[in-house]
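Just one chain is shown here, as structure tokens, and it is the form predicted on its own.
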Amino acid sequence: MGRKVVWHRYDLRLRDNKALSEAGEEAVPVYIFDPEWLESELVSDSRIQFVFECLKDINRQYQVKDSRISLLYGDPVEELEKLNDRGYDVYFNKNANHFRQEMEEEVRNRFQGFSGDGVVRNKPGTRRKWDNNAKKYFRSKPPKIAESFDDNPVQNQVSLDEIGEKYSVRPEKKKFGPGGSEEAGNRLKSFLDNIEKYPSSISSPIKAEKNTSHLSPYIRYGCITRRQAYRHAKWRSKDSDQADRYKMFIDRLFWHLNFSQKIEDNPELFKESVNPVFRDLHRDKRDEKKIEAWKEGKTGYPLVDASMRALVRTGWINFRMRAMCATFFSYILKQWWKEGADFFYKHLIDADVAINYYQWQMHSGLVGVHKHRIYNPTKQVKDNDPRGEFIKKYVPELRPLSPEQIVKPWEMSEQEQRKTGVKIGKNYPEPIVNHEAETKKARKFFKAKKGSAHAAFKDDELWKKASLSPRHDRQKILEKASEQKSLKDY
């Protein structure tokens, strides 16, 4: 019986690692640099650097246990086949949350994959029981790993420096923070130490930068698991007067797992809209000027512009701002959702295929069952950045404006513009569209499509791929297929 190669992918940790637990002392850890990933236009240098740091951290973890992680380079299936031919069994943790879906199917057929992340696989209809499955996962004990490992006989094919040089990795974003399990643990502890600030910081972009967990990149690359975060939060919440705050965070972990289930149920969700009624919506209306203004943060709507600049500069913005920018791109600019989703995916350090693309579909109205929340960027300033702190941080040309002026700078008089030095149309753009008018058009369009969008779920395969949460009752959706209800403006 050969030794077990443990192929690390999105599980860059030792603890709570099912494949590593099953391999035992004979585990031979490897990481394979995939040229297709390194060359992708949807991967930023900053994210590659984050993975480098995760690999340095996991190597230190292995060194403590008398081993190391081997760095390989090439097509993952081919490299694993070579190891298999040398007598190694190949173990890995299943993960469909990436673009290489054909490869995922291939490795599952050829090698030994394990499910240790709470996602239900190969069981049609499990969405009805998803809540119970999720609770069972979070409450279960993580698998134990060996106290030490045998020497790793697989030689490195490359070094991190060589990969960095070969692909000219030059991180351009403000440093998010070091990758790795140690940093993930520190962030979790710091966040829970200040859990009382969490509820009031979720929607505010400036407060969210300081007071939310920022664990998403660490969960994405498996430096820490959702179960580890859950268990620690649950333990801290015992006898705490902040129990409701801890519950908010725990609910977010369930939410996160929910989206991993969605891509397992529909591996194509990053390619096309779930509901065929909206397939390729706005694709033929591509407007380069509007798209570039949105990407560069020059739409004339201060909070949209600040959020887009923050995304490009830091690789992170809070959930409310992600939703606002997505609805602005799809409902208001009326551009094809996937181009916007791809731009987000490229720049987000925590780029999660399932969450990013499914959320974009939801915020673009493409699933057909969710509320059409058309976020009003001027209302969002009043609600979530009333002093304009976030806007002024990322849109410095608006710093001279008062909190009242910064909501709708295009309404300033000529005298106000001269006094502040902010000249609309010159050093800050006029709004590229009329938000109110475009909102009305979107409402009218989706109201007309609601019946056919609901009726599409008569198709069993479509219903399964939609991977809707248990609260969505299929029969009720079909009964509402002919109803026409107005959309709400948020």
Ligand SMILES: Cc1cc2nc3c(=O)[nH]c(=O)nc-3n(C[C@H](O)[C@H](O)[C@H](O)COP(=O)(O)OP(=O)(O)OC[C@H]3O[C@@H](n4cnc5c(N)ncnc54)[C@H](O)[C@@H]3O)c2cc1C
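Since this is a predicted model, take the numbers as computed values, not measurements. One rule holds for the numbers: they count along the sequence shown, beginning at 1.
There is also a form predicted together with the named molecule; it is not shown, and the following applies to it.
Interface membership of F259, defined by any non-hydrogen atom within 4.5 Å of the named molecule in the model of the complex, is confirmed. In the model of the complex, the named molecule sits within 4.5 Å of a heavy atom of F344.
The named molecule in the model of the complex is approached by A323, whose closest heavy atom lies within 4.5 angstroms of it.
At least one heavy atom of L348 is located within 4.5 Å of the named molecule in the model of the complex. When contacts are defined as a non-hydrogen atom within 4.5 Å, all of H214, I219 and N356 contact the named molecule in the model of the complex. Contact with the named molecule in the model of the complex, defined as a heavy atom within 4.5 Å, holds for exactly one of W337, Y394, F249, F92, namely F249.
Interface residue among D305, D117, E264, D352, judged by heavy atoms within 4.5 Å of the named molecule in the model of the complex: D352. Exactly one of the stretches 315-323, 137-145, 150-158, 290-298 approaches the named molecule in the model of the complex with heavy atoms within 4.5 Å, and it is 315-323.
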